[in-house]
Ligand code: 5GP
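The data below hold one chain only, encoded as structure tokens and taken in the form predicted alone.
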């Protein structure tokens, strides 16, 4: 905690300089925590008179565009040259909700080459070495950590309704509606503080959970009815989804949010893996119950990593080969757990 306080104090000094230009970058395929932290920090920097812009290598999900500043995000896929110029001209690059430049996709080479100071604010383990690293794996989300950064640098008065809504969005979505990684009392004290500062909890819940398109429900229904596979030998479920199915159901970014958690509601399933075919690669999402470290499975065999109960990976192989590899590595992963005394 002492090191965290010292690093936040260092950032406070850096932010006191005049005429700063900042860019704010989430990880590839931003989720609620990435978008929420970008939204909140962008609003705070704006109120402090710091020129800032959110950039993403792909796109912000439609269901998160209710957050302040998120609709103005610039995508590298649409405005690549502008992204390159903004990064090259920046004094500060904020890396939010990811621990390595590699998680920035097409933006990564330009960020690595930039003269700007890079600032990580994140809760994933083993962050890169950058000029300023504010990292705490104990917190529920990057938004919970960012609340501490904002209030220690600028005070509670910087938390407007828009900032509170953004921070709560990240805390809520990254914990599955406070169902996992959310047992620290500090998390609920922060939520209580956000409510006192104007958080519109009903509005946020409505935007996240009650704005579905019919096509999204049909996509999820198809996945659960026709694609869900449950192992007869291990407590594992997988959901493979093809690019053709995404196109058939008019997929929009964010439409599959939360799907990977649903098989964990089956009483004898402890691990769920969603395998989604995209144009450039196959993406994997891992979720688990209890103390099963799916981040180790993702890191060992699927070019990924993450948290104990929530991790991701990616492969540049055909979908059917990735599905086969998942099933082939199931016994290897559970042998690893057995050797560690976890099962």
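Treat the numbers as computed from the prediction; the structure is a model and nothing was measured. Numbering follows the first chain given and starts at 1.
There is also a form predicted together with the ligand; it is not shown, and the following applies to it.
Taking the partner from elsewhere, residue 52 is found to have every heavy atom lying beyond 4.5 Å of the ligand in the predicted complex. Remark: residue 313 counts among the residues lining the ligand in the predicted complex, judged by a heavy atom distance of 4.5 Å or less. Taking non-hydrogen atoms only, residue 276 never approaches the ligand to within 4.5 angstroms in the predicted complex. Proximity of residue 304 to the ligand in the predicted complex: non-hydrogen atoms within 4.5 Å are present. Highlighted residues 103, 124 and 283: every one comes within 4.5 Å of the ligand in the predicted complex, counting any heavy atom.
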